[in-house]
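Starting off, we have a lone chain in the form predicted alone, written out as structure tokens.
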């Protein structure tokens, strides 16, 4: 994150609200290295925080009004704390205001806290599958936890953000994104058990191995609050119920032959993706921890993408082209990342091959008549912080 965005956020707050903020807080977007659609199935994920961040400037008020503004939109949204409810929230303000509301479900008494002015800026690309939403939620959650002196720990703040996204925004997402944003550390991935919420930092060692993670943002926008995501989640719950499992976390690869006998084809393929993806996460962690290093996980990334393309059916032609082209041009492995139906792919690339892969992807998109993709390297970075 450049100092510019911090300076811009502070200046935007001061210009709009006519005073200096109490402080600045920031939280990163994330790349999910592997483990897609496993989080809401109480499974395993392996995301990392990236060096693209959302910054929020916060000022306390002497009344009980919350005002929120952003570089995303021109309007200032104002609401009394006593009027906050998911039913009155919509659009981008539902993310920060949803967090304010969600604290009430985690022990905060909104009748006893002061109002707030919030100003938000971000360099996390919107709609790219890099979790710009969780970056907003996590930055606001950390800020409010500080200025309201609530004393909640970071795993709880992740649950606050998830609650805001599920109820106030209406997106049925798991807890991975907020956990990565709040718990990340430089050059590490966050190995998260989405059932117990236990987490472990796993060293990536990318720089040492002269490897990089290249993000290929297709420019195809997606929204988790629309139908495809919810349909996949419902299929997973249906499959688990038929198999007599509390969640797909309790279904193993060895159970898949029985699942195929009991389930219709579509539901079976949805289940197979989640079950095999959980195993791929565990295998990736084992490779990274056992000395195999990041260079040895390419095949797991490739298999993850095939599973999302064929079994979960959440890819799009642009994502498939990005993945195929990157691997053909020398990437060690590649997969779409995020909820799907658009967004970004990631490729594990030797540093010396980055330019070749980027040029190949650009050319392939042009040949297919697709819009120019945005390609950039991301680094595993520290999680949310006061700046």
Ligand code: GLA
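Positions refer to the first chain, counted from 1. Computed from a predicted structure; not experimentally measured.
What follows is about the form predicted in complex with the ligand, which we do not show.
Colleague: For the chain seen here without its partner, which of 348-356, 62-70, 29-37, 320-328 has a heavy atom within 4.5 Å of the ligand in the predicted bound form?
Modeller: After filtering at 4.5 Å, what remains is 29-37.
Colleague: Residue 115 versus the ligand, in the predicted bound form: is there a non-hydrogen atom within 4.5 Å?
Modeller: It does not: once the ligand is placed as it appears in the predicted bound form, residue 115 has no heavy atom within 4.5 Å of it.
Colleague: Looking in the predicted bound form, any heavy atom of residue 173 within 4.5 Å of the ligand?
Modeller: Close contact exists here: in the predicted bound form, residue 173 approaches the ligand to within 4.5 Å, heavy atoms only.
Colleague: Taking the ligand as it sits in the predicted bound form, is residue 229 in contact with it (heavy atom to heavy atom, 4.5 Å or less)?
Modeller: Residue 229: yes, in contact with the ligand in the predicted bound form.
Colleague: Verify the contact flag for residue 342: yes if a non-hydrogen atom of it lies within 4.5 Å of a non-hydrogen atom of the ligand in the predicted bound form, no if not.
Modeller: Contact with the ligand, no.
Colleague: Could you work out which of 333, 43, 338, 47 is the residue within 4.5 angstroms of the ligand in the predicted bound form, going by heavy atoms?
Modeller: Comparing distances to the ligand in the predicted bound form, the residue within 4.5 Å is 338.
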